[in-house]
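In the form predicted on its own, a lone chain appears below as structure tokens.
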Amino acid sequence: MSELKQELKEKIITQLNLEDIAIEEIADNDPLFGDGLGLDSIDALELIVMLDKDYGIKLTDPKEGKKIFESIEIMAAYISEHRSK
């Protein structure tokens, strides 16, 4: 699972153009929104697209996304359990 966490950190930095953040700066349990990485609702939409495109996971309930995108740890666990790619 640590390989998936690393992959997620790389994808988030690339996908969301977080050029001033290094992979090492993102802890597995850091919040992705608010005080953590400071992601916003537009970023959440991009993460939803990434889940669908890269892992075959379609989120239909926005509330579900809010819970899944809480941290890298939670995202990786959800992807491991639900991925089809």
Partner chain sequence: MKRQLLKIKAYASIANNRVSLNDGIVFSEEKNDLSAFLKQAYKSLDTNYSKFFKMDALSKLGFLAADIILKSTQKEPDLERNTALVFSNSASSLDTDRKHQKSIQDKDNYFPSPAVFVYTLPNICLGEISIKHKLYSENSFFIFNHINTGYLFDYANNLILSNKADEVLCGWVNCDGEDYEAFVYLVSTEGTIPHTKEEILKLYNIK
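Numbering follows the first chain given and starts at 1. In this text, all values refer to a predicted model and were calculated from it rather than measured experimentally.
Beyond the structure shown, there is the form predicted in complex with its partner chain, which is absent from this document and is the topic of what follows.
- The shortest heavy atom separation between D20 and its partner chain in the model of the complex is within 4.5 Å.
- Taking the partner from elsewhere, L45 is found to have a heavy atom lying within 4.5 Å of its partner chain in the model of the complex.
- Although the partner is absent here, D30 is not a contact residue: none of its heavy atoms lies within 4.5 angstroms of its partner chain in the model of the complex.
- Although the partner is absent from this view, L16 contacts its partner chain in the model of the complex, with a non-hydrogen atom inside 4.5 angstroms.
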